[in-house]
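Presented below, as structure tokens, is a lone chain in the form predicted on its own.
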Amino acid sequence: MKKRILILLTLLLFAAGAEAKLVVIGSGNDTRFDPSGFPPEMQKAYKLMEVKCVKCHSLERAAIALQTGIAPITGGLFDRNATRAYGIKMLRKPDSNMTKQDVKIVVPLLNYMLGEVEH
């Protein structure tokens, strides 16, 4: 587990230098994104993401996945295929409180944020 955390932190350091438009604020449970540069529809989606995703985990998990391209828990790739798969996974989790409409809003946001990291 410690080795995985060290690898993720190393990847995060390298990725942080590469990302330009996705601004992450804070750390740990206080991690947030700065959506001020997002288009208006993505800013609305971000507000939903803050409420829905934080119900089960901090946004640090999303920040690591978006910045490194690696899901911090599974170690799998975090790309556009993965965002869709995570949306479906959250629909199936009874305690996630995610609706199909929520997933249709949050998955495009995650894809948008992946695109911002790629720039």
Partner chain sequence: MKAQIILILLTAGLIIPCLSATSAWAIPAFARQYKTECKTCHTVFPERNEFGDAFEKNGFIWPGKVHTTPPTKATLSPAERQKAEAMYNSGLPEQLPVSLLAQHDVTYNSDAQPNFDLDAETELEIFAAGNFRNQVGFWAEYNFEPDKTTGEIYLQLQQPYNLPFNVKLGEFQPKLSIWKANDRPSLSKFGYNGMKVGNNDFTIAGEQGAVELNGVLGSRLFVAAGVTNGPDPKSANNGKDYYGHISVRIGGTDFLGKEPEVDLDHDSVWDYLTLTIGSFGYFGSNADGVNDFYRAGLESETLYKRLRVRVSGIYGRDDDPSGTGANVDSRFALAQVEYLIGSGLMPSMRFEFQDIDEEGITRRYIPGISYALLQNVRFAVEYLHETTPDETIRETTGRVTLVF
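Residue numbers count along the first chain shown, from 1. All values derive from a computational prediction rather than experimental measurement.
Keep in mind the form predicted in complex with the partner chain is missing from the figure; the text below concerns it.
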Point to revise | Interface residue in the model of the complex among R32, K44, K52, K89, criterion: non-hydrogen atom within 4.5 angstroms of the partner chain | key: K89
Exercise for review: Consider S27 of the chain shown here, and say whether it contacts the partner chain in the model of the complex, taking contact as heavy atoms within 4.5 Å.
Suggested key: no
Review point. Is there a heavy atom of S36 lying 4.5 Å or less from a heavy atom of the partner chain in the model of the complex?
Key: no
Point to revise | in the model of the complex, L110 touching the partner chain (heavy atom, 4.5 Å) | key: no
Check your understanding: If you check in the model of the complex, is L22 within 4.5 Å of the partner chain, heavy atoms only?
Key -> no
Check your understanding: What are the residues of 37 to 59, in order along the chain, with a heavy atom within 4.5 Å of the partner chain in the model of the complex?
Key -> C56, H57
